[in-house]
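Alright, here's a single protein chain in two forms, structure 1 and structure 2, each given by itself as C-alpha cells.
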Structure 1
Amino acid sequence: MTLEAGMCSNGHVSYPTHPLCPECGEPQEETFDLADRTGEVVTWTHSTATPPGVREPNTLAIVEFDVTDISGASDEFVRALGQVTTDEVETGDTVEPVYVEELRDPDAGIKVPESQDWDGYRWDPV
C-alpha cells in the first residue's frame, strides 16, 4: 500500500492520481509515494455526526506535503485528506502517515464494498 501521488510531464503534482493532469491535461506518467514523508496540518475537524460504519468522533485533517525535493516537480506542495489517529490535533502540527487496514466498515455504508479500497493512511502527530 502506498499513498500515491501522480505527476505529469509539466511537473504538476496531485493526490490522488488522475489519468490526465487536472492542471494541464497531460497524462500523469510518474507517481511517487507520500507515505514515508511528514506533512503539516492545514485544517482539521472533529466530525461527530458520522455515517454508518464510521468511527465517532471522526477527526479528519487536510495535510500539506512538501514536494520541492521531487525531481521534476513544479508544484511546491501537495495536499491530502485523511483521518487522524488522535482527537488531539492542531493546525500546523507535523504528522506522519500510518497504515490502517480498514478505515471504516465496508459493509455498513451505501457503496458496494468491492467497488473501492478501504485501507489507507491516518495522520499521526509526530
Structure 2
Amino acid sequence: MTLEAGMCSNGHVSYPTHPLCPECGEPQEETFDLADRTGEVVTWTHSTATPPGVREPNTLAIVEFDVTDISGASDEFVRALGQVTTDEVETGDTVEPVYVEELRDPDAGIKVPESQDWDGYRWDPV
C-alpha cells in the first residue's frame, strides 16, 4: 500500500490522487508516495466514540507534507488525515507515516472482512 499523492502538469499536488486536478481540472499525470516523508501536525483530536473495531480512544491528526521539492512551486503542501500511533501528540510535532496491517478490527464491523482493505498508515511522532 502507498500513501500516494498526485500532481498535474501545472505542478498542483493533491492527496489523495484524483483523475483531474481539483485546482485546475488538468489530468493528474504523476504520482508519488508520501510514505517516505515526514510531515507536521496541523491539528489533532481524541475520538472517544469510535465505530465498531476502532481503538478507543482513537487519536487522529491532520498532517501537512511539504511537497515544494516535487511541484517546483513555492510553499506547496498537501494534508492528510490519519490515526496517530500514540495519544501523546501536539500541534507542530513532526511525524512520519508507518504502515499497519489493520487500522481496525475487520471482524467487529458489519462488512464481510474480505470485502475491503483494512491496512493503511498511522502517524508516528519522530
Partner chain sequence: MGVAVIGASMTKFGQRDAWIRELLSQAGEECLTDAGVAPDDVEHLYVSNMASGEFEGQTGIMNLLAHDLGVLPAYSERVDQTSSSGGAGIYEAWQSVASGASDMTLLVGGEKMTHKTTGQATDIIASITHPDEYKHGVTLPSFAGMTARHYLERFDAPRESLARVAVKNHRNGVDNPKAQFQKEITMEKALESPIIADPLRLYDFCPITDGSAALMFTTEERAREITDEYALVSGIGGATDTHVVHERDDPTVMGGVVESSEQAYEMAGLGPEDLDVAELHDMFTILEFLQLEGIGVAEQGTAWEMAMDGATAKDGELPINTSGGLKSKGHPLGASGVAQGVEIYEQLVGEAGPRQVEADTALACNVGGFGNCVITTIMEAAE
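All residue numbers here follow the sequence of structure 1, with the first residue given the number 1. Superpose the two forms; the largest set of C-alphas matching within 1.5 Å is the rigid core. Note that the structure is a prediction, hence the values are computed from the model and not measured.
Taken from the structure described as the form predicted in complex with its partner chain is structure 1, whereas structure 2 is drawn from elsewhere. A movement of the C-alpha atom of A108 reaching 2 angstroms or beyond is seen between the two structures when the two forms are aligned on their rigid core. Look at D117: with the core superposed, its C-alpha moves 2.8 Å between the two structures.
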